[in-house]
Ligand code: KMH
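Quick heads-up: it's one chain on its own, the form predicted on its own, in structure tokens.
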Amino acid sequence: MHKRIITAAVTGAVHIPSMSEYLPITPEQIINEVVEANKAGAAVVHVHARNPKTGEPTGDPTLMKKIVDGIRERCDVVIGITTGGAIGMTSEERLAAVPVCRAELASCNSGSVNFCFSPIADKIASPKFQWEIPFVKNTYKVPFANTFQGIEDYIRLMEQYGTKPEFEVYEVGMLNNIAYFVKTGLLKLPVYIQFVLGVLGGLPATFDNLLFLHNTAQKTFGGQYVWSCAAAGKDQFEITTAALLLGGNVRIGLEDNLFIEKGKLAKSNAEQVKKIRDIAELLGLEIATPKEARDILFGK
């Protein structure tokens, strides 16, 4: 069984600044969070950009490149950038950073889904910024669209710039979508898959669902895939621990969960990374370095 890769998803495009003072917003804050998460044991990072003045998610390639360049200057972590962006962004906005950053990884969402986090609005009495409540409420009526044509376009652009797709899977049928592109010859095995559980509109974060995804992927790709797992909110540590036991890798971070334990906000991504690393090591598992993660993900 290979060493386990910890990915840190450091800020994302779901949580809003009013929810936690520890959510990184500026390029400098995001870079610092990545560096500290890497020191804590994260071999891979998943990066979004935000407007440094308001914290609003943005697909601005200039900001993304500033973040990626800053990370590269300070540590050797494997960098993955988002092409998920934020709900409501156009494909052009979501893809803009790929040719500019030429990151080793980029997310590639594997199908359309209702990705809803509008209930956040009910928990915020006094938002810090005007954009926050309309932004989260918009997810109640706008789907996260990822058509077959869109997925193909994303795969082709990533291949052009030497970026490996990280396929985000929210529903089991999305594995069939990935398999279709393998069948057409556009994708070569092994593929890299990130199971994302617990999103309102996707598969709930349960052990049964994780096992179902894992078993289905095994049958679909014949073992020629690398997988990781993320879980939204309170189920983060339980589900990622289960993933470790099943032989998978894990994604941790403030993009997926703002808490370190019930009722207690995480003060950093590194705090969450350390917790899952401690869990892994208590289970007798070894954590991959960035070099080892590259061997696992890219065969380098």
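All figures in this text were calculated on a predicted structure; none of them were measured in a lab. Numbering starts at 1 and runs along the sequence shown.
The protein also exists as the form predicted together with this ligand; that form is not presented, and the subsequent description refers to it.
- Remark: none of the three candidate residues (T7, F195 and D235) comes within 4.5 Å of this ligand in the predicted bound form, counting heavy atoms only.
- Heavy atoms within 4.5 Å of this ligand in the predicted bound form are found in one stretch of 225-233, 123-131, 205-213, 105-113, which is 105-113.
- Contact check for I87: a non-hydrogen atom falls within 4.5 Å of this ligand in the predicted bound form.
- Taking the partner from elsewhere, E33 is found to have every heavy atom lying beyond 4.5 Å of this ligand in the predicted bound form.
- Not displayed here, this ligand is approached by V14 to within 4.5 Å at the level of heavy atoms in the predicted bound form.
- Along 160-178, these residues reach a heavy atom to within 4.5 Å of this ligand in the predicted bound form: E168, Y170.
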